[in-house]
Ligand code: 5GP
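This document starts with one chain, in the form predicted on its own, laid out as structure tokens.
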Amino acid sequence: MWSGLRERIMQPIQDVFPLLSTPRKIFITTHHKPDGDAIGSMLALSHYLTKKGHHVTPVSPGEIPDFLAWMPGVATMLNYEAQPKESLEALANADLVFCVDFNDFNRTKHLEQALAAATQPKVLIDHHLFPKPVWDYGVSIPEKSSTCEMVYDFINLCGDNNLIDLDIATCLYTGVMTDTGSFKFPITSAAVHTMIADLMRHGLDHTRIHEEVYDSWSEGRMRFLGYVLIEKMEVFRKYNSALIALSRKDLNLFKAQNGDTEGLVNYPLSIAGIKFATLITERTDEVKLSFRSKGDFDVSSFAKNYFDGGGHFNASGGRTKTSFIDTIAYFKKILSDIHPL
């Protein structure tokens, strides 16, 4: 869509340091439908840059999930869909634009055009494959567990580990914890555990964060989960795969709130022998797909090849404009054609 954009050769993120040597107005954003790593990295970076004397405006492209609403700094954040005027003013007035946890402007949905048109230097901190050549400075390392781990590295690269406080530690831990599946995914390296140990030395209360994210469900969400697992999950033993497909009617039946579908795609992977799980969700303007795998099945390539998506080797997503029913049928045909596992 934005083929007319000037392609940039992304300079190392260290090259942005001179631009941060004096107070700046900084705009930070992340991807649409943000998760713990998106909000955690955005707010952690916001807290850090504010402590360095910058005027920072974090902007989420849309509403954040309820289970992240407790995070320190949420009150300072703008929601583009609810506050477009204020968000665009912040972007227009910014000296620098930081983008975290996404590799293509289209991941911001309605904010895409404004970001593409912005002329300020743009900085990327991300861990997804194949970033588009639209950033001036940045770093993208798919081998990293999360963007929060990379924000932690950025703070240390600046020599500012001493500035990590409880708010920053809380935001960083939230993102790493959620993106590593509570540290069970293979991407969880020794460096991640070293980082967590350091955050604990800065006062991190890891038990409270886990409770806020995983142990604060509403009764409705718990009943919704039961319905999903009993009524909406299909298991394809022949392919070591499973599918959960949720229509808008399903979501409305339980008055599912923003974030209530978060993590559902992981449940089928708890079944012995299941190595590929898919969640198909009918949205107002598109059908969204989430893919998870165990072992050596590359769901990033799967998403890219069939559903205009991408992500990580074992965790990715896609979308389609075809109908909910047709998307399910197409997915099942692909499954029978390629025998993924």
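Start at 1 with the first residue shown and count on from there. The structure presented is a predicted model; accordingly, all values stated were derived computationally and were not measured.
Keep in mind that the form predicted in complex with guanosine-5'-monophosphate (5GP) is not shown, yet the notes after this line are about it.
With a 4.5 Å cutoff on heavy atoms, Ser145 does not count as touching guanosine-5'-monophosphate (5GP) in the predicted complex; it lies far away.
Put simply, Lys25 is far from guanosine-5'-monophosphate (5GP) in the predicted complex: not one heavy atom of it is within 4.5 Å. guanosine-5'-monophosphate (5GP) in the predicted complex is not approached by Thr178, whose heavy atoms all lie more than 4.5 angstroms from it. Interface residue remark: Asn103 is counted as part of the site for guanosine-5'-monophosphate (5GP) in the predicted complex, having a heavy atom within 4.5 Å. Here the chain stands by itself, but in the predicted complex one stretch of 310 to 318, 40 to 48, 53 to 61, 269 to 277, 310 to 318, has heavy atoms within 4.5 Å of guanosine-5'-monophosphate (5GP). The candidate site formed by Arg107, His128 and Ser290 is fully in contact with guanosine-5'-monophosphate (5GP) in the predicted complex, as each residue has a non-hydrogen atom within 4.5 angstroms of it. Contact residues in stretch 163 to 200 (any heavy atom within 4.5 Å of guanosine-5'-monophosphate (5GP), taken in the predicted complex) are absent; none meets the cut-off.
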